[in-house]
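Just one chain is shown here, as structure tokens, and it is the form predicted alone.
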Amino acid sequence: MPGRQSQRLWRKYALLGLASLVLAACSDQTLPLNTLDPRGPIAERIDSLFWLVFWIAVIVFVLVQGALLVAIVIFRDRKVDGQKEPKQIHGNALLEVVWTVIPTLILAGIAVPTIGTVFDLAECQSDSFEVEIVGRQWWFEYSYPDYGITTANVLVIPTQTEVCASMTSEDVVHNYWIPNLNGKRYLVPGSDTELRLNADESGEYWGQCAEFCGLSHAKMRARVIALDQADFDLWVEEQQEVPEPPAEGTPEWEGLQVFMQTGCAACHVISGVNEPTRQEVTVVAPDLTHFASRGVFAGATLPSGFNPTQEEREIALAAWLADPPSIKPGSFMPDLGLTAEQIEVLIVYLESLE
């Protein structure tokens, strides 16, 4: 009986482990992360190196396992009278040298392209398009020093252009990862690191903070939008514009009053409305000047799903404004106790900031 119970228990553990693996393999359709789908020259270079090493490993595996199977079959104990003991090769200097040299040559063959790729991708080119990325708990801030633009959650870049991202962190160690465009790179407090990004085609590329950084680490996403040069230039012009103040008495104006009077302005900045220095804000929070143009908020986690409708976006925004810590545990954005009416007009105002 104990033996059968033990077997049943192991079967349950095995099924549980298998189910865990299957669930872990299921991709989150709201956040497609596929490092095997390179969409730019830098990612393609990494992908080529991966497949080179992979197929070398496959060949080595097949040869080693094949030799093992051959040895098991040929030199198996047949329990036949008079069977001779196989010839022993222990101490055979020639064989030991051979099977030491072969792995050394294989590793050297892998090391050469690996080291070459690492050094080629390590530093940005002198004529790269520059952006600055700052990691914060739990969102990414993006700045364009040549254009005077600061935004959050969505990095917009021109296609077929090498982008050099200078990165750091303001709190803990983060890790910036856009698998379709490059590998991972740390953001370290008090230090600057660089990451090269280059997208072949216009489109949307998702990423994730890949270093555990606190309670809402899993909700610290990254979104990159690549635009053709003409569209990117138009985006720059729009981002440099200061939104027109809403007319008094309109729902937008009422939303602005909620923003200024309930504590939002203590952390968030809107150009032309409030522009405090970093020393004056309670917590450095995303710049909301062109909030509606980004499509996502709350660390690029809301709204969930592809191409959400305006209604879905407003529902997600209402839930976020009602109680941020319940959506992102540990969020520095507090529950301000806003009423349903305040949330409604605040959403109208924020959605006007295009």
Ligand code: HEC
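Note that the coordinates shown come from a computational prediction; the quantities given were computed from them, not determined experimentally. Start at 1 and count along the sequence shown; that's the residue number.
Beyond what is shown, the protein has a form predicted in complex with the named molecule; the following relates to that form.
Chemist: Even though the named molecule is not shown here, does Asn180 get within 4.5 Å of it in the model of the complex, heavy atoms only?
Modeler: The answer is no: Asn180 has no heavy atom within 4.5 Å of the named molecule.
Chemist: Please run the contact check for Val284 against the named molecule in the model of the complex: heavy atoms, 4.5 angstroms, yes or no?
Modeler: Yes, contact at 4.5 Å.
Chemist: Quick one: is Thr161 in contact with the named molecule in the model of the complex, heavy atoms, 4.5 Å cut-off?
Modeler: Answer no; every heavy atom of Thr161 is more than 4.5 Å from the named molecule in the model of the complex.
Chemist: Is there a heavy atom of Gly40 no more than 4.5 Å from a heavy atom of the named molecule in the model of the complex?
Modeler: It does not: once the named molecule is placed as it appears in the model of the complex, Gly40 has no heavy atom within 4.5 Å of it.
Chemist: Decide if the three candidate residues His174, Tyr176 and Tyr205 all line the named molecule in the model of the complex, where lining means a heavy atom within 4.5 Å.
Modeler: Negative, none of the three is within 4.5 Å.
Chemist: By the heavy atom within 4.5 Å rule, which residue out of Thr262, Gln239, Thr193, Ser128 makes contact with the named molecule in the model of the complex?
Modeler: Comparing distances to the named molecule in the model of the complex, the residue within 4.5 Å is Thr262.
Chemist: Which of 165 to 173, 107 to 115, 135 to 143, 69 to 77 has heavy atoms within 4.5 Å of the named molecule in the model of the complex?
Modeler: Every other range fails; the passing one is 135 to 143.
Chemist: Residue by residue through 327 to 342, which ones have a non-hydrogen atom no more than 4.5 angstroms from the named molecule in the model of the complex?
Modeler: Lys328, Ser331, Phe332, Met333, Pro334, Leu336, Leu338 sit within 4.5 Å of the partner.
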